[in-house]
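Here we start with a single chain on its own, the form predicted on its own, put down as structure tokens.
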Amino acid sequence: MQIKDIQSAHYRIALPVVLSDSTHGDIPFFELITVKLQDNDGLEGVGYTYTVGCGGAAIRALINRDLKPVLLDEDPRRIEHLWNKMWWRLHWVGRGGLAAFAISAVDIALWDLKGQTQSEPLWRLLGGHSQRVQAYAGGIDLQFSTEELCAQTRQNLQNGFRAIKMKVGREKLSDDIARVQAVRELIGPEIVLMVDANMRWTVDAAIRAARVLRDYGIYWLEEPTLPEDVKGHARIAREGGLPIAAGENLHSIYEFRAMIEQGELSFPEPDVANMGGISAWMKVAQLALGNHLPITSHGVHDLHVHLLGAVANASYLEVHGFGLERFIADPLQIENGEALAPDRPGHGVSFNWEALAEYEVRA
């Protein structure tokens, strides 16, 4: 069995509604980078990653120019070997960042191909703990008016969610608190509510915010400060009094180890699309398990539903604003607050390539 071809593509996709957070500002579009990996029997695995608006061309270039030449004619079943080959190929310029995005897309394609060859869905192939996963609606809504925010929340509740996440990190903390209060009053005391600051605050500002937010039954405070400040995260957890979730800006198992061991993280949050793919994500899940922690996810919910379904320490699945519902055959379904991992072989994501074609960047 050999890898006979690797094809990648880059798309720049306008969002139906302009989204916003405290770090990236307004987000009118996102980038999708796909990989098709074919073996000599004609089977194909598909992988993908995404960005919040820039860097997609560089990720595709890494795949085409640096990863593809060292993977062709290799045995796609040797995923651990190939992951290490990619890691060390890009190590000098990587150890994270764009290199991790590129490795992620290829690694996901390798695992999808393995699922195809074994006629198994990834959630079962990777461990098979539970096909059902708790899910929350992840809003990217910092600049929504309170009325827009509440309308979005009502719609999410109608869509079956029993957990909601909203953005915080406005110029005035009082604005954040008023918006959190409005959502809490709308959803009542039983619905889970998380807040996400997208690295906006200093450590001291995050502690002040956390102490006020405690009054609103917040399940976790996400990314309160810069991901490099491991000790700062520990201070926020100790002095702010809220559980901390973080990890979407961590790009290796080594960064997660430091944050878990020294940052007093309650909810590690790896993103399979930016930290080395499924191979690396599963290692972080085991690291979390070894530290008695639940694991959650960031983005790409059509993939993460499999990974959380595979492990015993799953927390909530984020159902993300950068959804691919317009471009895939079978979007994720939510019922009574849970997402169901599909039984289709591999990850089961089938792209409508014709619909994507108008967004392709051909440079």
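All figures in this text were calculated on a predicted structure; none of them were measured in a lab. One-based numbering along the sequence shown.
Omitted here: the form predicted together with a further copy of the same chain. The next part is about that form.
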query = Hey, of 40-48, 306-314, 59-67, 324-332, which bit sits against a further copy of the same chain in the model of the complex at 4.5 Å between non-hydrogen atoms?
reply = 59-67
ask   = Would a further copy of the same chain be touched by all three of Leu125, Ile191 and Glu338 in the model of the complex, meaning a heavy atom each within 4.5 Å?
value = no
query = a further copy of the same chain isn't shown here, but in the model of the complex which of Thr146, Ser174, Thr202, Gln262 has a heavy atom within 4.5 Å of it?
reply = Gln262
inquiry  = Using a 4.5 Å heavy atom cut-off, which residue among Ala178, Leu289, Ala151, Val93 comes into contact with a further copy of the same chain in the model of the complex?
reply    = Val93
ask   = Heavy atom to heavy atom, is Pro243 within 4.5 Å of a further copy of the same chain in the model of the complex?
value = no
key: Proximity of Glu74 to a further copy of the same chain in the model of the complex, heavy atoms at 4.5 Å   = no
task = Although a further copy of the same chain is absent from this view, report whether Thr23 comes within 4.5 Å of it in the model of the complex, heavy atoms only.
result = yes
ask   = Would His301 show up as a contact with a further copy of the same chain in the model of the complex if we use heavy atoms at 4.5 Å?
value = no
query = So which bits of 229-261 sit within 4.5 Å of a further copy of the same chain in the model of the complex, heavy atoms only?
reply = Asp229, Lys231, Glu248, Asn249, Leu250, His251, Tyr254, Glu255, Arg257, Glu261
